[in-house]
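Quick heads-up: it's one chain on its own, the form predicted alone, in structure tokens.
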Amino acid sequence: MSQGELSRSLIRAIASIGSLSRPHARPRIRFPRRTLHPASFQCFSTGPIRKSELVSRSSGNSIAAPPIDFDEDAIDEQDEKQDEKAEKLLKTLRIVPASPSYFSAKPDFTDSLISLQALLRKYATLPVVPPGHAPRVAWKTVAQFRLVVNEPIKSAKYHRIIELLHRLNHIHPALMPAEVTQALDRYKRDINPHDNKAKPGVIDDVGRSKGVGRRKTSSAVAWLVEGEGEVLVNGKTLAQMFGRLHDRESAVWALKSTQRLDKYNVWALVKGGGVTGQAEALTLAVAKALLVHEPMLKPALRRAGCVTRDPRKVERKKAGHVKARKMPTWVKR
């Protein structure tokens, strides 16, 4: 087949294809998309759904506000109704507490702690006195604070308040704000034991000074006068009164530690307890009498241990115990 015949056959084939009639496409039907949720109707009635009906409003019914009645009795009735509504509303309202710590376990303690912390932040820049120079104050104990706030406060938590009080108390007295003074007074004891001062010793006309000492159940009264070092206890010498050398030294230890054995005479009365208790009670009595003559010896006597009262005592026996702590021997049978 030549090239010309091939081109003619192609032209005829193309013409025959163009003459064919096109098939009509069927119209596409679109269906609504199905969902898992059921169709919701905007209807709040529980009865059957009805089609909307056109209701003709009567000309007599009006949606305008009712006319105002200026009668005094009607006005009073309206005021009473409003008052009743207000009272009902107040009963339904929740009362808001004055303190934000009301809903905590210990509201009074929390309020006290927060108020002291706020005062410290406010006056933290004020100058303070050196340690040991602040006024001595006796703060309330934990038991007293529990009675004030009526809450079971632990000692560790109350210690936080005491630390804040110590810091505020160290503010310089000349610059102490009145607000801080009022806050500190709330936590002070009614009676400050630091204000109690011992009565100064007096030397009588004969030149004697008196001192009283106690130890365990023993008590001693000593009179000190300038002399040559003679000592009489209940009318007896030291050797006759105390058989042990240690008790003899304890009786006049205040004079021996300050090297005053040959400068004062001692006349003493002791009673109660045993020999050792009487000798140690006499130590404190002689030291107090010596301080009346020479007050400058107090640091030396304190270093020697002659000024402090020894509070130790024998512990009492308990019921069911052999002694204070000892329990009876356990027997199986």
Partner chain sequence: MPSITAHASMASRNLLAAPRTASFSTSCLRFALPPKGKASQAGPPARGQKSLHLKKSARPRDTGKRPALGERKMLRKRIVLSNTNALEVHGMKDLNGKNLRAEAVKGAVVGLPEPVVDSLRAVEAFKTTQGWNMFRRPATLMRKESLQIAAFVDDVEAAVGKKTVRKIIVGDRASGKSTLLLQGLAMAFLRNWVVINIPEAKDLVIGHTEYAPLPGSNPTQYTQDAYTSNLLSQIARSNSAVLSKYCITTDHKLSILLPPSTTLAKLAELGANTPELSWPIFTALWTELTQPDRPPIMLAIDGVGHIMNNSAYLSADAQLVHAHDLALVRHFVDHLSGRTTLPNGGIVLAATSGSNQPASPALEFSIQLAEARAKNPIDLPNWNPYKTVDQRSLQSLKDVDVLKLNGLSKEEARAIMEYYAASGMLRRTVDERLVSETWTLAGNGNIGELEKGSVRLRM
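Numbering follows the first chain given and starts at 1. Please read these numbers as outputs of a predicted model, since none were measured by experiment.
There is also a form predicted together with its partner chain; it is not shown, and the following applies to it.
- Only one of 103 to 111, 131 to 139, 156 to 164, 244 to 252 lies within 4.5 Å of its partner chain in the predicted complex by heavy atoms, and it is 244 to 252.
- Just one of Gly229, Gly201, Pro177, Gly207 comes within 4.5 Å of its partner chain in the predicted complex, counting any heavy atom, and that one is Gly229.
- Of the listed positions (Glu87, Asp185, Asp262, Asp195), a single one reaches within 4.5 angstroms of its partner chain by any non-hydrogen atom in the predicted complex, namely Asp262.
- Mapping the unseen interface onto this chain, Gly320 counts among the residues with a heavy atom inside 4.5 Å of its partner chain in the predicted complex.
- For Val96, no non-hydrogen atom is located within 4.5 Å of its partner chain in the predicted complex, even though that partner is not displayed.
- Its partner chain is not shown here, and in the predicted complex it never comes within 4.5 Å of any heavy atom of Asn234.
- Taking non-hydrogen atoms only, Val225 never approaches its partner chain to within 4.5 angstroms in the predicted complex.
- Within 4.5 angstroms of its partner chain in the predicted complex, the stretch 310 to 332 places a non-hydrogen atom from each of Gly320, Pro328, Thr329, Val331, Lys332, taken in sequence order.
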